[in-house]
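First comes one chain, alone, set out as structure tokens in the form predicted on its own.
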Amino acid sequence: MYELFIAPLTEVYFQKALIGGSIVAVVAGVVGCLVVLRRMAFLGDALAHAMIAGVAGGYLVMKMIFGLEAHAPGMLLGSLLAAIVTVALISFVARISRIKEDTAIGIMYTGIFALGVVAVSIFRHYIHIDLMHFIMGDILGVADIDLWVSAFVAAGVLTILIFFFRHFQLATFDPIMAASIGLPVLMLDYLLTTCVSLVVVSAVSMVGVILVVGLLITPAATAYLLSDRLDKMMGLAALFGVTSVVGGLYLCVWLDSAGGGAIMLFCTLQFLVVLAVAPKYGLLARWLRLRRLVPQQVVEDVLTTVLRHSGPTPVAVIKTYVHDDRGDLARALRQMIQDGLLRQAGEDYELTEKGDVEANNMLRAHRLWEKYLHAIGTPHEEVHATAHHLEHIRKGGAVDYLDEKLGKPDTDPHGKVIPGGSS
């Protein structure tokens, strides 16, 4: 037990990785909630990849002008400028052409990423950047300056999010209302993009492109499966980000693997577990809901059976006319009582006012379909059975269309009155 859990904590490299990764995970998880809700995940990926051009530019300037190697603040400033240029170009292309924003993101981030790669290769005598390190990161080799930069950026970004939380919340869920009450929605968009850029550029040198994008998206998506409130979602996202870092670092030590890959693997496995067992939006909960779901066809058949019986209807009569191969009838009757469509009269069932309206709508659909089938030459003995299947097709104004098409008939082919439509 000591060798598995305590021994790694005594190592300085593990402590630095734990602290740096947790700082990045908290701020990335919180900002990532807004990124996920606004469907900006691809933009986060674009900013992360565009960083290499900014890192190369910052490295080159600091080396050629100040003679400094790998100066973190200089590369941070260059990366931030690259992020701003990337966002500006994406916005410009999407605004002045017929190219959609997602396509513009794909074009610009690959182009700027390629610019950075070319710059690194051309000025390789001045720029000493390991591209694999940039993409994959080296969280087990975190420098002190990286810790300080990420801590200051995290503090600044979290302060902005706390001060403008209500503004971001309203602009995310209802931007039209936010604009109507005078909130600067466009400015908030730019502010959020700046926050995302700061998080990305402060973390890329420490955890790499892949991990920073993963920590922006996956913990927030995991929290989204468990919460319907933004503040709770942000707290859960920060927690899932930290557990991903802790679990991934232990995994990397135990398996002797790459740190960034182990963290992202643990983060993804964590998401898959929550996806399976989330009480409201998980796969298990969805399967249970589908198991309990009463088929609409059974409900509608019960309504028309009780309507045609004209009074309290015994269960035996309902069973005669309602096909119940899966044993849904008892559950359907309970559900219809809860929904206010039926009420019990002793051991029998009768329609409520709401149920009577719905049943007449079903009967109207059935008889209009019979009229239509008769009009197109369907054999008389097949009209009723076929209409019984088609009567359940009522979406998109199908029944009203039939009524208009047939000239608003009063009776079906059997001479029975067709009820008027009700809402």
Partner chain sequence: MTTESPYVIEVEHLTVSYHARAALLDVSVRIERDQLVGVIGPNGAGKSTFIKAILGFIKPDIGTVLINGGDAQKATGQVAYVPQRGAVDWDFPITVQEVAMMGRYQQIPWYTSPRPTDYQAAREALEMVRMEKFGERQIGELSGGQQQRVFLARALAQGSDILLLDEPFAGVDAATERAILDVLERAKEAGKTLVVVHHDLATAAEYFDKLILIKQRLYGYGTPQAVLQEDLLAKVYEGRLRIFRDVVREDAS
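Residue numbers count along the first chain shown, from 1. The structure presented is a predicted model; accordingly, all values stated were derived computationally and were not measured.
This protein has a second form, the form predicted together with its partner chain, left out of what is shown; the following refers to that one.
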Answer yes if any heavy atom of Ser227 is within 4.5 Å of a heavy atom of its partner chain in the model of the complex; otherwise answer no.
yes
Is Phe92 close enough to touch its partner chain in the model of the complex, meaning at least one heavy atom pair within 4.5 Å?
no
Quick check on Thr268: any heavy atom within 4.5 Å of its partner chain in the model of the complex?
no
Is there a heavy atom of Lys354 no more than 4.5 Å from a heavy atom of its partner chain in the model of the complex?
no
Can you tell me which of 78 to 86, 180 to 188, 148 to 156, 240 to 248 lies within 4.5 Å of its partner chain in the model of the complex, counting heavy atoms only?
180 to 188
Give me the residue from Arg331, Arg343, His167, His323 that has a heavy atom within 4.5 Å of its partner chain in the model of the complex.
His167
Interface check vs its partner chain in the model of the complex: of Gly235, Gly282, Pro312, Pro175, the one with a heavy atom inside 4.5 Å is Pro175
